[in-house]
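There is one chain below, alone, in structure tokens, taken in the form predicted on its own.
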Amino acid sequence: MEVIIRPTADAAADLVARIIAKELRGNPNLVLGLATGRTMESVYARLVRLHREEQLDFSLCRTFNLDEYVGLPAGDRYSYRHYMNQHLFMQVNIDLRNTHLPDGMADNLDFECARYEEQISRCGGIDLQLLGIGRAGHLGFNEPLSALRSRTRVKALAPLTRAQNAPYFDSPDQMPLRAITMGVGTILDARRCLLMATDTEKADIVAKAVEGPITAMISATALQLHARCNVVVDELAASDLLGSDYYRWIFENEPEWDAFR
């Protein structure tokens, strides 16, 4: 795991978008894992701008989202399919047939989870997985006590997660109680993971995820096991990190980051 601290949330989003763009230019057939949430909106806005101003090409890219709510059709304005269409897919030249999310309306949810895993496998696995982190430390909807080898499945949402996501809905009663999510093991299978977190409210959980013990209570700690994981945070989200000076030194001195400084 490598932590990169940027001065502001905008600078963090800019770096994440540039990393994704570099990977996509290097491999037009990139299989990209995607995340949703307020933090990701600034990343997607930058990718859209790169597409429009620098001809960043999504035409051969394939995508798999981390999760989708159970019980919401794709056309529902609260669904993650709607979110992705609004913030990215409909604004770039991606083929919508190559954009994949779990079907939260499937008659057989277990079959749908197995089908999603098979889809990822048929595409050769995920090359780059974009991640956020919930205040409970979850990746996707891998709530506390999610097995570190878990695969795509249905999860009941924890009270903290529901409280965090409820403001997206007109009424808390509209928020689903379950979601389909990639498993922790599915995420760890990605060739590269890229996690972004910003603001003070994420400082405590970022420190636990990066520097704390690996535990199923905080699924993001499993990223410590990944061979190639970058965690990009702003100064506020980095405020509880003990090794922040070392992390800054690495970014300023490692040749890998020369093009991004």
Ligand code: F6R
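Just so it is clear, the model here is predicted, and its values are computed rather than measured. Don't overthink the numbering: it's just position in the shown sequence, from 1.
This protein has a second form, the form predicted in complex with fructose -6-phosphate (F6R), left out of what is shown; the following refers to that one.
Taken together, the three residues Arg38, Gly132 and Lys202 all come within 4.5 Å of fructose -6-phosphate (F6R) in the predicted complex, as judged by their closest heavy atom. The closest heavy atom approach of Phe89 to fructose -6-phosphate (F6R) in the predicted complex falls outside 4.5 Å. In the predicted complex, no heavy atom of Met182 sits within 4.5 Å of fructose -6-phosphate (F6R). Interface residue remark: Pro102 is not counted as part of the site for fructose -6-phosphate (F6R) in the predicted complex, having no heavy atom within 4.5 Å. Put simply, Gln164 is close to fructose -6-phosphate (F6R) in the predicted complex: some heavy atom of it is within 4.5 Å.
Taking a 4.5 Å heavy atom cutoff to fructose -6-phosphate (F6R) in the predicted complex, the contact residue among Ala222, Val206, Leu66, Val231 is Leu66. Contact with fructose -6-phosphate (F6R) in the predicted complex, defined as any heavy atom within 4.5 Å, is confined among 71-79, 90-98, 164-172, 104-112 to 164-172.
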